[in-house]
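A single chain, nothing else alongside it, follows as structure tokens in the form predicted on its own.
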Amino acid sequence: MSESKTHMIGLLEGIASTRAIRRFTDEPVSDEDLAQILFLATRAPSGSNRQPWRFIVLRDDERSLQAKQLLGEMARRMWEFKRRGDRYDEGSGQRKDSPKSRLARSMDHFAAHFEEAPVVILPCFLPYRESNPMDGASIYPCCQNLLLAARGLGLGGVMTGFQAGVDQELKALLGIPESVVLSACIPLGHPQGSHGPVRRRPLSEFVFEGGWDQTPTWAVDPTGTRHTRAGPPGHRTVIDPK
């Protein structure tokens, strides 16, 4: 039974606890859930309300399986390149209980079993002007809506860039016009395990008021928040707004 049938979550809880899900059960995603997830994705804002998006859903028909195979092969190539480049097997990566080591194991499994994801969604952007740095503002909010909607229904997923390495092959296979931008690749399914709460670095490292590197005293995390050690620590000058 999906989480939506047993535990309804509020909006703020959903935002605070939507993790990147990389392990899925073999339970299929229903048409009803897919329709609701994609409906909520299309409620996202976009520039001038142009709604310049399309979603290609890959499940288990012949072309979808071929597309998943292309994406899975690219996932393994990209992860192996990143694994070596970021030295996941060195330093803290040699300790089995370290965040670095746990992430490496998660990504090993994810890449190796990519094709087994019940659903893969390719969000597509329809350009309406020359390429612009702001174009992402009209496609990525709907991707986040999609992941939050999945969370609310007891499913999960993760946004990846694996499509970038096989862009031309996917367009040829799936009949996608050349002008369309494949903006992301989102595997989706019923999680093995559970969602959050997620861990991030303290809020005080991210928020400035009145100028760069000026952290206000009110920028504090809710009581009980647990933090991650991942990422470079920030060093901020704390200011009193009074």
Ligand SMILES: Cc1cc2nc3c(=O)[nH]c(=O)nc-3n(C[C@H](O)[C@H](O)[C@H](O)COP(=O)(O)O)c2cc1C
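One-based numbering along the sequence shown. The structure displayed is predicted, hence computed values, not measured ones.
Just so it is clear, the following notes concern the form predicted together with this ligand, a form of the same protein that is not shown.
Q: Looking at heavy atoms inside 4.5 Å, which stretch does this ligand contact in the predicted complex, given the options 164-172, 129-137, 107-115, 93-101?
A: After filtering at 4.5 Å, what remains is 107-115.
Q: Is there a non-hydrogen atom of residue 201 within 4.5 angstroms of a non-hydrogen atom of this ligand in the predicted complex?
A: Judged by the heavy-atom cut-off of 4.5 Å, residue 201 is well away from this ligand in the predicted complex.
Q: Is residue 148 a contact residue for this ligand in the predicted complex, using a 4.5 Å heavy atom cut-off?
A: Heavy-atom contact with this ligand at 4.5 Å: absent for residue 148.
Q: With the cut-off set at 4.5 Å between non-hydrogen atoms, does residue 153 touch this ligand in the predicted complex?
A: Residue 153: no, not in contact with this ligand in the predicted complex.
Q: Within a 4.5 Å heavy atom cut-off, is residue 219 in contact with this ligand in the predicted complex?
A: No - in the predicted complex, heavy atoms of residue 219 and this ligand never come within 4.5 Å of each other.
Q: Check for me whether this ligand, as it appears in the predicted complex, comes within 4.5 angstroms of all of 59, 64 and 188 - heavy atoms only.
A: No, the whole trio is out of contact, none within 4.5 Å by any heavy atom.
Q: Hey, which residues along 126-158 are within 4.5 angstroms of this ligand in the predicted complex, non-hydrogen atoms only?
A: Heavy-atom contacts within 4.5 Å come from 158 alone.
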